[in-house]
Ligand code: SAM
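To begin, one chain is listed below as structure tokens, in the form predicted on its own.
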Amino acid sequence: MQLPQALLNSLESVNGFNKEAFIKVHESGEQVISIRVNSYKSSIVNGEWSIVRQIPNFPLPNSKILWTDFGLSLNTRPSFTFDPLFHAGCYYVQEASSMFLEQALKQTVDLSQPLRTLDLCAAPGGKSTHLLSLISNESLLVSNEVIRSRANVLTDNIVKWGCSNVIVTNNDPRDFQRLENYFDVIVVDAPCSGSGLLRRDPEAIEEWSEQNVALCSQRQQRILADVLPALKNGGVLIYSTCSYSKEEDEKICEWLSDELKIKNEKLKIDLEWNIIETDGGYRFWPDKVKGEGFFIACFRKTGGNDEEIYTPRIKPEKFSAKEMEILNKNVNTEGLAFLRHEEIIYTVPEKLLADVNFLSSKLRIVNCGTRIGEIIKDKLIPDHALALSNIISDKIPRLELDHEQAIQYLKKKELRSQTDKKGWTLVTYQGHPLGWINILPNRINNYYPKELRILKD
């Protein structure tokens, strides 16, 4: 690997940069593989996540990522495509350094309180799913992606995580100015030149240039200036990139402090973590941590209007007694409100209903809460999102599959099984739901979403 000389030269004055070690780690070919466990689908047993021993190439002892409760390093990279637990949303494959978002949030806000949180540049969903594991059930996450096709990928990963207190939107950062003083937390994992991931993606070296760094820096400033009015006075902005360049990191922190009414927040860093504090933020060097290049900084808004944005009280939509009977058979309905859009039923926590209605008038919503399905002729045609949710009823019939059957199901192939069950049935692998089948007298219809099916052999 031949790192750009201009990049190396630009890093000479950056705190923590060791040129020889930096080059060596990039030339080593070493790949660091890490996952983050879904706490809604796993529990701690004897100090270890219960899901861990079910994962191929499960983590080695002492593989816990130090700055998060949920992250683990794997000894080798398994074929995640052929692990049904991955498709069930039991864990997310994520780069270890970026999981430091957890510390940024824990050290700057009270996570026990209801929070309105925005993940502005959210696709493919790593930080959003992490946020959902951290915020309370009474908190709301707005997970936004400006590129429509990427918003679909984001939705798929949000659905896997199984939470109902989240809205996926497809908006430009400027659109959030309609929500003045609305959010308690805004996370901006900004589009960048990507130099922090060169070890993982060597082909990206050809795309790196000083001109691209300058363009990214300008875009980052525009994004931040556009979205900041949506942050409450006293609210927290978390800014991050996977770039090494000062123009996208420390210089952005300097610009934020000088040009906008926002104050840099210091975090407590354990020496054992080997994270380097720099001017305004924190750097992750791959020769010092078991992760890729990453930069993160926290700010608190210290100016602006304190006026609370108005969210009217909304009464839940009325469903008939028969419809509620059907919903109660399929969903743990306590504390939930139900909405109907184009005959499809969705659910969100009742306490967030006013926010959801308000946001739907201001933003382009791609997905709202958990999509339950459609009631036709007094029967629920269940949606895939319900299968993977944490609100699904224990009353629903289930059919356990072995690994071979699970892969056939995930390929959307014909499924054969000896069962006396009939009708809509939840298929599971090692107890974790994968999706729906409909068992008919002479065949089993596979309802795994076509766009999600495994294409590899």
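Position 1 is the first residue in the sequence shown; the rest follow in order. The structure displayed is predicted, hence computed values, not measured ones.
Keep in mind that the form predicted together with the ligand is missing from the display, and what follows is about it.
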Would you check, heavy atoms only and a 4.5 Å threshold, whether A122 touches the ligand in the predicted complex? yes
Is there a heavy atom of I223 lying 4.5 Å or less from a heavy atom of the ligand in the predicted complex? yes
Determine whether any heavy atom of L215 comes within 4.5 Å of a heavy atom of the ligand in the predicted complex, and answer yes or no. no
Is G235 near the ligand? Define near as a heavy atom within 4.5 Å, in the predicted complex. no
Select from the listed residues D355, E145, D184, E95 the one whose heavy atoms reach within 4.5 Å of the ligand in the predicted complex. E145
Exactly one of H87, K127, R371, R199 comes within 4.5 Å of the ligand in the predicted complex through a heavy atom, and that residue is K127
Which of 262-270, 202-210, 186-194, 67-75 sits within 4.5 Å of the ligand in the predicted complex, heavy atom basis: 186-194
